[in-house]
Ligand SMILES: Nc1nc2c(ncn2[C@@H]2O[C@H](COP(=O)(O)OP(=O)(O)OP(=O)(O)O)[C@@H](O)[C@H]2O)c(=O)[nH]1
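Listed next as structure tokens is one chain, alone, in the form predicted alone.
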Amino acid sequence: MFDELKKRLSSAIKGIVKKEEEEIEKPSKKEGGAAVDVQRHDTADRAHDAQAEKVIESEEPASSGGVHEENAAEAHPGRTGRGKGDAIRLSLGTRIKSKVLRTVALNNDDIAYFLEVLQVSMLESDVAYDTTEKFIGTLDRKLHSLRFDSDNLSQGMIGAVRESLLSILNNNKGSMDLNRLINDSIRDGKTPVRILFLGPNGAGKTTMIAKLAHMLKSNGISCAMSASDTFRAAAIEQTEFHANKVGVPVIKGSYGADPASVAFDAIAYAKSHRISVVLIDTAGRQETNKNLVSEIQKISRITKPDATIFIGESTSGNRIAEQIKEFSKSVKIDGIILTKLDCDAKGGSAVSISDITGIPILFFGTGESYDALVEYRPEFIADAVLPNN
């Protein structure tokens, strides 16, 4: 997962680090200004510089001793020959900066080039344009304000990119916490908690609901599954199969039955059996299918869900954001679960989806087993893209 985004970002960082390290090692400064800006920070460094200056000056022949200025550059290739008095100072700066000075800063041109490469990399990895621009803006400000350890430039650059990525991902978190909602409702006696699921065909919705049932059961919370997909062939049997595998009851009707009535019966069953949570499966539907969208509106009116969750494939790229926006026009969506993250080589939609929809991601599906469920954390994505070594 995230393989392409990880590869592209790592490649961009390696490129800029290699360039800057080459600049640090150059024997002389470029005309028109140094490629890296050098900064002394403390008294110890200044003392070290002064000592180095004395050593180097002791190696320089006195210009008054018959050595003409035009021959100085020939006698000492490290000099730039910009003028009397400048030669020793410039030679000193370039000869000691990689050994004495501790920090370097990227210049404006290098930052601009680096950000351009990152921007293209993120867009090609399915990160949304607006999210990419927000990330680039954050990183731009950070790079202009930071100085890096000249002996550990690579880790410094990774850290800067990682922090900027985390700042975007932390803003995406939103305010909903499904586990807290369930636990608070149980504590306050407001049960059963009703959770309604919707999403497009083939996104792995029923399997994901079973994973959530398994998680709740493992946490000691009782739940039931409502087989309210009465439209797709074998949908009821599929729900039954998963419910039996994870060991929770399933309430079902017949094909062609009103899915809202099945959900209503499931809630009634949960009340009478003191079950804490009802997970309501529904038929997969496209946002353009008006009849099925009207059906989900009816289910929502009758069940009055405590949370409505959209389940979609992370491999859908930025199309999933458009689906969510369209569904949100008809039904209030409280959270997002992305399935098949293990199959998503690009990973960009997971970075940007809640930023562009305004709806928090709650969980990732990362495999076929019932345990392959990961709660959304910004660090999970950042670690996958840029490990914090």
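So that there is no doubt, residue numbering starts at 1 and follows the sequence shown. Everything numeric here is computed off the predicted structure, so don't read it as measured data.
Missing here is the form predicted together with the ligand; even so, the following discussion is about that form.
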Given a 4.5 Å cut-off on heavy atoms, tell me which of 156 to 164, 293 to 301, 226 to 234, 181 to 189 is the interface stretch with the ligand in the predicted bound form. 226 to 234
Exercise: Ser261 in contact with the ligand in the predicted bound form, heavy atom 4.5 Å: no
Asn201, heavy atom within 4.5 angstroms of the ligand in the predicted bound form: yes
4.5 Å heavy atom contact, Val331 and the ligand in the predicted bound form: no
Give a yes/no on whether Pro305 approaches the ligand to within 4.5 Å in the predicted bound form, heavy atoms considered. no
Single option in Thr206, Thr315, Ser150, Ser121 placed near the ligand in the predicted bound form, where near means a heavy atom within 4.5 Å: Thr206
State the residue from Thr138, Gln238, Ser222, Asn107 whose non-hydrogen atoms include one within 4.5 Å of the ligand in the predicted bound form. Gln238
Pick out the residues of 353 to 369 whose heavy atoms come within 4.5 Å of the ligand in the predicted bound form. Gly365, Thr366, Gly367, Glu368
